[in-house]
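Take a look at this single chain, the form predicted on its own, given in C-alpha cells.
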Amino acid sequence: MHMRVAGEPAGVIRMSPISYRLGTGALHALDARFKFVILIVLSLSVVKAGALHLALLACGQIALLSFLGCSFKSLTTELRYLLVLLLLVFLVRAFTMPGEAVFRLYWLSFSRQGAAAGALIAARMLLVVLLGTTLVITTRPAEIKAAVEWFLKPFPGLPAARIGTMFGLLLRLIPLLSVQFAETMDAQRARGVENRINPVYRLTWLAIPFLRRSFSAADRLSIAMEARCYTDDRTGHRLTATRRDWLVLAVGIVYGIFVLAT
C-alpha cells in the first residue's frame, strides 16, 4: 500500500510504514500463529519489564524495523498522533504523581518520580505498538486472517471465518484511511482552512469530509464483495508449521518468562 504524505507534492508517493512488505527472511517465513503467540508473550513481558529490558527490546526492535526497510522518519510520521498521546500520558503522570518536585507550574508540581513512571508507561505502550507493527510488516493479511480463524475455531458459536475476514479487511483499510486523511488535509490546506483561528471550525471541516470518504469507501467495498458473491465458506490460506517455528516459539516463551520472573 502506497500513500502520499500530507504537505508533499501530488507526485510524491511513499509506502505506508504500517503495511505488509514483501520479503524472504526468517520473520516473513514464520508461521502467523506462532507470531501471534510470540507477540502476546512479548507484550506481557513488556508490561512487567524494567527500564533495562525495555531499552534492550527497544534497540532490537528499532534495528529490526530498519532492517525490514521501515525508516524511522516515516514511522514517526505515521505514528505522530500516538506520540502526542504518549506525551500527554507522560505529562499527566509527571504532574499528578507525588514526589520530589523538579519545578512547579502554578498549582501543579512536576515530580521526578512521576516523570520516571510516565516515561516507563509511555515506553511500554510504544514498544507494544512497534511489536504489532513488526507483525503487520512481516505477515500477509491472508495469513493473519487464517491465523485468527484457526484460533477461534475451537470456540462454539463464534463466526471464526467472518471475524478473520474483518481482521484482514482492517489491515488493508488502515493504510487506505491514512491516504484519505492525508488527501483531505491537503485539500483543506489548499482551501485555506488552516488559516482559520477557530480550532473547532478547522476540525469540523477536516473530520466531516474524511468520515464521508471513509464511509463511501466502506460502502463500495461491501457492494463489490456482494457483487462477487462473497461467503464465509471459502478456501483460505493454508498454514504450516516447521521445526524452526517451534524453536522460535520456545525461545520467545523462555525470554518472556525470564523477563516476567526478574
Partner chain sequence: MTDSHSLRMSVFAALFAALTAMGAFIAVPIGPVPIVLQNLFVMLAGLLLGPRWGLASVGIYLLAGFCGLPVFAGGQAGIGRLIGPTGGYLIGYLPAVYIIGRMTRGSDHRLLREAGAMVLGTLLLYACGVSWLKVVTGLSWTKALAVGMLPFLIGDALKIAAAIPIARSLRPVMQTEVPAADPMRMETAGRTGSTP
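All values derive from a computational prediction rather than experimental measurement. Positions refer to the first chain, counted from 1. C-alpha atoms forming the largest set that superposes within 1.5 Å between two forms make up the rigid core.
A second form of this protein, the form predicted together with the partner chain, is not displayed here; the remarks below concern that form.
Taken together, Leu169, Leu177 and Arg213 are fully in contact with the partner chain in the predicted complex: each brings a heavy atom within 4.5 Å. When contacts are judged by a 4.5 Å heavy atom cut-off, Ser66 does not count as touching the partner chain in the predicted complex. A residue is said to contact a partner when one of its heavy atoms sits within 4.5 Å of a partner heavy atom; Glu194 fails this definition for the partner chain in the predicted complex, lying far away. At a distance threshold of 4.5 angstroms between non-hydrogen atoms, Ile223 is in contact with the partner chain in the predicted complex. Under a 4.5 angstroms non-hydrogen atom cutoff, the partner chain in the predicted complex lacks Ala123 among its neighbouring residues.
Put simply, of Ala117, Val128, Leu108, Leu75 only one has a heavy atom within 4.5 Å of the partner chain in the predicted complex, and it is Val128. Applying a 4.5 Å heavy atom cutoff to the partner chain in the predicted complex picks out Met125, Val128, Val129, Gly132, Thr133, Leu135, Val136, Val148 from 124-151, in order along the sequence. After superposition on the rigid core, the Cα of His237 moves by less than 2 Å between this form and the one not shown. In this overlay on the rigid core, Ser74 has a C-alpha that sits less than 2 Å away from its partner position between this form and the one not shown. With the core superposed, Ser214 shows a C-alpha displacement of at least 2 Å between this form and the one not shown.
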